[in-house]
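Only one chain is given next, in structure tokens, and it is the form predicted on its own.
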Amino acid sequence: MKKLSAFLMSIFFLIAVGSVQAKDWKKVRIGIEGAYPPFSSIGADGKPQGFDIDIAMALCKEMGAECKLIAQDWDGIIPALLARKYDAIIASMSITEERKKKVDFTEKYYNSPAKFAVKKGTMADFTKEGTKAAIKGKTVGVQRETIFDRFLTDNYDKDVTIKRYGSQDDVYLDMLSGRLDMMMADSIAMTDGFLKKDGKDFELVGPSYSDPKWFGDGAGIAIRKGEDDLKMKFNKAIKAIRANGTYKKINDKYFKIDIY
């Protein structure tokens, strides 16, 4: 009888735990970076703004969820997700095999290639092929712990001096000050952010880089492993806003092309 009682108690415990763990996801906390214009930045009013922010709000509306945005430095953005500081990351995070070892991803919500940027007229010999000889000895800035950092480390580490920064804004500042010869980042972020504002004396050079080995399969929403119900809700919402015109409206607010 005692064994039977213990068995029944264990069954009730498992059912109770399952009930506690089951979520309706009416409230979702979303991690953002807030330092990656035009995708994510903090406005003069102190509120987050940008493509990622508008997409996050549109997805939450489609899901019927109340969403709270939580800013987090890029270096700690995945650890904070795993520590349950928030439930998902919407921060232009590329879907890579390395990251998929730690977190799950939704389907992509946009995709754009990487490029180098330099001061106008300083790298005329850096052709579309992007030869290593053309940039040998240069100092290249990059945001650390990004796909661009990984690409530079794997392909150019012996040829250039790589300077790593905590945010993309910090890369831009040193580029403007002349401390860098080049920088590497997302081509859309540079074209519709940096080059349009402070970086009018700079230009993109060389080839576009999009090899999935380093750059993944587009930007997706990162979610903790095992939370398939939340991933399913986001995937369904991504498809819905693509179909009903909401995505295009947000896209056209920031970009001249469809970045999907």
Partner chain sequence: MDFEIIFDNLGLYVEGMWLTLELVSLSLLAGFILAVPMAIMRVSKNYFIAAPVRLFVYIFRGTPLLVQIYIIYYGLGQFDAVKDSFAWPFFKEAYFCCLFAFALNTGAYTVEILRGAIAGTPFGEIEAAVSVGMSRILMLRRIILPSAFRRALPAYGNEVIFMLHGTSLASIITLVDLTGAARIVNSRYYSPYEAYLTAAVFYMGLTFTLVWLFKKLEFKWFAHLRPRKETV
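This structure is a prediction, so every number in the text was calculated from the model and none was measured. Numbering follows the first chain given and starts at 1.
Separately, the form predicted together with the partner chain exists; it is not shown, and the next lines address it.
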Answer for residue 164 alone: is it within 4.5 Å of the partner chain in the predicted bound form, judged on heavy atom distances? yes
Going by a heavy atom distance of 4.5 Å, is residue 159 a contact of the partner chain in the predicted bound form? no
I'd like to know whether residue 127 contacts the partner chain in the predicted bound form, with contact meaning heavy atoms within 4.5 angstroms. no
If you check in the predicted bound form, is residue 177 within 4.5 Å of the partner chain, heavy atoms only? yes
Considering 108, 120, 144, 85, which brings a non-hydrogen atom within 4.5 Å of the partner chain in the predicted bound form? 144
Contact with the partner chain in the predicted bound form, heavy atom within 4.5 Å, among 182, 78, 91, 189 goes to 78
Within 85 to 104, the residues that have a heavy atom no more than 4.5 Å from the partner chain in the predicted bound form: 99, 102
